[in-house]
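Quick heads-up: it's one chain on its own, the form predicted alone, in structure tokens.
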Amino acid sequence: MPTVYLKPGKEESLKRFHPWVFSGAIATLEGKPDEGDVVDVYTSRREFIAKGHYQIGSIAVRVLSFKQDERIDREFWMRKLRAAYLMRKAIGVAGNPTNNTYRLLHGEGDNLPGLVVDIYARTAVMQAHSAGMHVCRMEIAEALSEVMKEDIDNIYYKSETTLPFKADLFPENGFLKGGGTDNIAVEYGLKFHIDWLKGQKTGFFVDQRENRRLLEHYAGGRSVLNMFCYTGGFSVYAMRGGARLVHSVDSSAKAIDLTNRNVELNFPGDERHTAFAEDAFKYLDKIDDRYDLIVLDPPAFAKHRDALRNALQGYRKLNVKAFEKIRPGGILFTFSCSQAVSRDNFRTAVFTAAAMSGRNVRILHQLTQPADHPVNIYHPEGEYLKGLVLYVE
């Protein structure tokens, strides 16, 4: 097996079970691994410390095991997937008759870096974020079928936009099992069209499930603005919560169409909802104080740390506009899904925006991703979703 030897002292993070080996930590590479091959990792003193998928790039090895005798084979994938499934059953998201939409496997959070699996009713959508997971996709799909048994009929592979383009992997989206076209899934009793063919991520933002449910609690009698609405998830929950009116805004006409379809699916003919295909900042510039509940759930402003400064400026600018426009006594749900933006970074950006607006603001809730998006205690970078619920006087 190809072997990676680390520079002196570079094994310390692996001793703490961090699942990444950065390229700068590597002293030598013996053998000629292809991208996606499994490699052994040794310290500078020739002591085994981990094994994982090799890839050219900043993160050179994504660790699969810290055990030298553990084979990366079908039984390995079965064990990992079964452990993930049992955890989802234990927390009540799998096997819940009112909810068949959840994340079955969450990369590093489930000790399989580079792999995501979301469940939408009878379909599992599998997404690879590393060359290694792409290479192993068929083995993983077979293990997934065995673990889920009668719970799923279809496995759709959706990795064309998530794999490193330099690896020459030529991924193609498509069904690895089945081919069903029923794309309606249920989340806490609400129905949603899931666009796993062309939609963002795996077709739906599963990570906002509990935060959508919280918004439902606050929506009664309020005028709600859902910015960056995408599938309209927050809008649908607001309507069930008794909102007086709901406006959904997204720059994408396709997102607006999907939002309207999801609203119609749950509340046919309901005139409380209107959707607008428009730039978020331009929309906020022109509105008056008609809203007393605003949701800001933008796409990631920072894909990497080099973009952090501009991202924080973007969060400040966006939240200042919301603070300026929201009615007295209004509630603001504001989020960042940028992994490069820390919880403290985000809070500081929002607090600065509040001060710039001159409004009195109180924190009601501090939000994060739900339990089916677990954070590996040895990989704190996995806590990517940050949110605040704020009361604005």
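In this text, residue numbers run from 1 along the sequence as written. Note that the structure is predicted; figures quoted are calculated from it, not measured.
The form predicted together with S-adenosyl-L-homocysteine (SAH) is left out here; the points below concern that form.
Undergrad: With the distance limit set at 4.5 angstroms and only heavy atoms considered, check whether Asp118, Glu150 and Thr202 all reach S-adenosyl-L-homocysteine (SAH) in the predicted complex.
TA: No, the candidate spot makes no contact with S-adenosyl-L-homocysteine (SAH).
Undergrad: Can you pick the one in Thr161, Thr274, Ser252, Gln313 that has a heavy atom within 4.5 Å of S-adenosyl-L-homocysteine (SAH) in the predicted complex?
TA: Only one listed residue qualifies here, and that residue is Ser252.
Undergrad: Only one of Asp182, Asp257, Asp73, Glu278 has a non-hydrogen atom within 4.5 angstroms of S-adenosyl-L-homocysteine (SAH) in the predicted complex; which is it?
TA: So the residue touching S-adenosyl-L-homocysteine (SAH) in the predicted complex, by this definition, is Glu278.
Undergrad: Look up in the predicted complex whether Gly220 has a non-hydrogen atom within 4.5 angstroms of S-adenosyl-L-homocysteine (SAH), and give yes or no.
TA: Flag for Gly220 set to no.
Undergrad: Heavy atom to heavy atom, is Tyr230 within 4.5 Å of S-adenosyl-L-homocysteine (SAH) in the predicted complex?
TA: The answer is yes: Tyr230 has a heavy atom within 4.5 Å of S-adenosyl-L-homocysteine (SAH).
Undergrad: Determine whether any heavy atom of His134 comes within 4.5 Å of a heavy atom of S-adenosyl-L-homocysteine (SAH) in the predicted complex, and answer yes or no.
TA: No.
Undergrad: Could you confirm whether Asp297 comes within 4.5 Å of S-adenosyl-L-homocysteine (SAH) in the predicted complex, counting heavy atoms only?
TA: Asp297: yes, in contact with S-adenosyl-L-homocysteine (SAH) in the predicted complex.
Undergrad: With the partner removed from view, which of 207-215, 237-245, 153-161, 107-115 is the stretch that lies within 4.5 Å of S-adenosyl-L-homocysteine (SAH) in the predicted complex, judged by heavy atom distances?
TA: It is 207-215 that comes within 4.5 Å of the partner.
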